[in-house]
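Only one chain comes next, encoded as structure tokens, the form predicted alone.
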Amino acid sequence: MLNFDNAATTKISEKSLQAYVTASETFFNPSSLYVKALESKKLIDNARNYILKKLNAKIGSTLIFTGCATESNNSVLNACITRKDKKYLISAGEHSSVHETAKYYNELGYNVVFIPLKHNGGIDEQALYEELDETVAFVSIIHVSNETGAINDIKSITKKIKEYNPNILVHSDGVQAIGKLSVNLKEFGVDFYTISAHKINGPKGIGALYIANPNKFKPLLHGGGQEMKLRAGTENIPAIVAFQSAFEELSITDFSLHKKAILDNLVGDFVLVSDENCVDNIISVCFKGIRSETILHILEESDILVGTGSACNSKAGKNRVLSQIVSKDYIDGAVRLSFGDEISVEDCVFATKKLTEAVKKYTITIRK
């Protein structure tokens, strides 16, 4: 089975799985005061400090563990969208956990402005800067598009926003960036940064949120005061330890030859959305005259798994991001190829040839 849908999720690594199993034996509640419980708490603190160091977090910042990246993103918007006399700028290319939350607040009467996208799915920086004024309180920009792989220059964008007004809070969803790009949060200057374990060969059910200044954050979940009173709920120790393990295995792989192999073998009537300013391991292409679901099932018969866009939007019936940048003649044939270390260049050649064969055969049949 060739998995070209790694942007949806990744297989948990053997090391991360073993870390999860081993940590499951440490079942004591870390909020208790006896020695075994303190040992549990130490595992959490060790993981927190390790990840913060890997991300080169600034002094005084912290990281809270959440149930998923969706919770992290919801927590940020809940903490920052608080006044109806302020303006909140949200990239139109955000993951649904940001977009739908921002849309919800907009429907409640908050001044939420969605910033349009460029042709590759990245944010239109000029449109963003034109919206900056004295009322802007918060900006959210995805680091790497989960739909197209477009890279937003978070360091440069944050710098310009902070130069305009250092009090504007900036959040970035970094779920698709970790392990694909170098992430240096001290240099980025963001106030919040979201990460997730199951996108980097860790377990599902565990995410985290970087918070540069805890005083500028209010918890979404209230209760027993866990996570420095920033996220209530008994911590998922095995998943947290496995998250650290996944970070320990992280390395940035050069997928440029993989991407070239795919692009060199693509034929037919299609629009390539992912350009040179996108990560190499996510390729979005839209074919004319065939539905993406048809392509998906044809390739599945050859043991090749591809995506039709974000898994979180696959049941929505319409691709919100691609519909902004691709004409309606091609949007129904959107295919997302995303891969990890287990995929070789040869696999990319094979899968792409199967893809184009399927498209060619189906569209010819339809014409007849």
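Numbering starts at 1 and follows the sequence shown. Just so it is clear, the model here is predicted, and its values are computed rather than measured.
What comes next is about the form predicted together with a small molecule, which does not appear here.
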* Given that the small molecule is left out here, which of A150, I283, A242, I142 has a heavy atom within 4.5 Å of it in the predicted bound form? -> I142
* **Residue among H198, R231, H258, H99 with a heavy atom within 4.5 Å of the small molecule in the predicted bound form** => H198
* Region of this chain that lies against the small molecule in the predicted bound form, out of 337-345, 64-72, 41-49, 324-332 [heavy atom, 4.5 Å] -> 64-72
* **Contact flag, S292 vs the small molecule in the predicted bound form, heavy atom cut 4.5 Å** => no
* Answer yes if any heavy atom of L89 is within 4.5 Å of a heavy atom of the small molecule in the predicted bound form; otherwise answer no. => no
* To do: Give a yes or no for Q176: in the predicted bound form, does one of its heavy atoms lie within 4.5 Å of a heavy atom belonging to the small molecule?
  => yes
* To do: Evaluate H95 for contact with the small molecule in the predicted bound form, applying a 4.5 angstroms cut-off between non-hydrogen atoms, and reply yes or no.
  => yes
